[in-house]
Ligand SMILES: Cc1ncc(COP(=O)(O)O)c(C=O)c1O
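Before any questions on how it binds or moves, here is one chain, the form predicted alone, in C-alpha cells.
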C-alpha cells in the first residue's frame, strides 16, 4: 500500500474504524452465544472479504448474500456455505447452476408455487440437488408467506416430492427499522421468532424435517429476549452501524465504524452554509433518519478525528456538493471551517453509503490509515 494519511487523502473517501468494527462484531457474537443460536452473517453491507473474514465461523462460511455476484465473489475466496436471501427468479438459474458446479453449497429461497414449479422444472438439469428455504412474512414488510398460509405446506410438499430439499424457513423482520422504542424492537423480535417457529412446526406436522429456522435483522438480533425454536440468525449492518441504527437506540453514534471524509471547498456565509466536496454521490440519497425523532439530514458532521461537531449536519446534497449547516438553520452559527479543512460525515445507511466506494481506508485507534481493503458493488 502506498503511504496514505487523512491530511493528504483525496476526498471524498470512505473510512473504516477497525477497532469500532471489531467491537461491534464481538458484541454480536456474544449475543448469539448467549441466545444459543448459530450465526450466518449477512455480507451485503460490507461486500469485502477482509471484513467478512472477521464475521465468519470458518474460512468457508456460513454467510448470507443478497446478490449472486456476492456469491461469486465470496466463492472465489473459498467461501462455500452461502444463502442467497432473495426470492429466486428464472433468469438467475443458469448462474445458480454455475455456482453449484463450482462446489458452492448454495441455498435458495422462494415464497410461491410459481417459483417452486420453476425450480422443479429446472432441477433435472442441475448437476447437484437444490436446497431451498421458504420465506415467511413476519411483519408485512415485504416478501414471504404468512405463517398460517395454506400454500406453505402445499409448496413444501410439492418441492419435496420433486426431489428438492426443503431445508426450512426464513424470515426477516425489516419492520424493526420502523420501531419507536427498544421495547417495540423486543416485541418485534418475538413476533419474528414466533412467525418462523410456527411455520416450521407446520412443515414438521406435514412430515418435513425442517432443520433450519432462520431469522434476522440487526435490531431484533441485538434485542431478542430468547430465540427458542430458532436455529440461526442473520444480520449485517451491525458490523458498521449507522445513524438509522443510532436513531433506534440500537447503537451509539460512537459505535458507527464508517464515515466519509470530505474537504471544505467554499462557503455561503449569508446562508450559514459550509460547502464540502461530498454530496449525494459520496453519501447516497438515503434519508432514513427523516422519519425518526432526530433528522440527521444527509449525515452527521464530525471533525477529522471523528468527534461530532455539535448541532451540525449535512443539510443538503447535490451530486458532488454537500452543504453543512446548523440544524437550527440559524445562519449566524458556523462550524468555523476554512477551505481545505477536512470533516468526517457519519452516514444514515451504511449499506448505501459504502456502495458508493471501491475501497475502505482502514484506520487504527490513532486515526492513521493502516490498510486499504477493496470492496465491490453491483450485480
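In this text the structure is predicted, and so the values were computed from the model without any measurement. Residue numbers count along the first chain shown, from 1.
In what follows, reference is made to the form predicted in complex with the ligand, a form of this protein that is not presented.
- For the options 69, 44, 321, 327, the residue carrying a heavy atom within 4.5 angstroms of the ligand in the predicted bound form is 44.
- For the candidate set 307, 142, 77, 252, a heavy atom within 4.5 Å of the ligand in the predicted bound form is found for exactly one residue, namely 142.
- Heavy atoms of every residue among 219, 234 and 237 are located within 4.5 Å of the ligand in the predicted bound form.
- Contact with the ligand in the predicted bound form, defined as any heavy atom within 4.5 Å, is confined among 266-274, 120-128, 289-297, 211-219 to 211-219.
- Residue contact with the ligand in the predicted bound form: residue 223 places no heavy atom within 4.5 Å of it.
- When the ligand is considered in the predicted bound form, residue 104 lies well away from it, no heavy atom lying within 4.5 Å.
- At a distance threshold of 4.5 angstroms between non-hydrogen atoms, residue 85 is in contact with the ligand in the predicted bound form.
- With contact defined as any non-hydrogen atom lying within 4.5 angstroms of the ligand in the predicted bound form, the contacting residues in 171-199 are 172, 177, given in sequence order.
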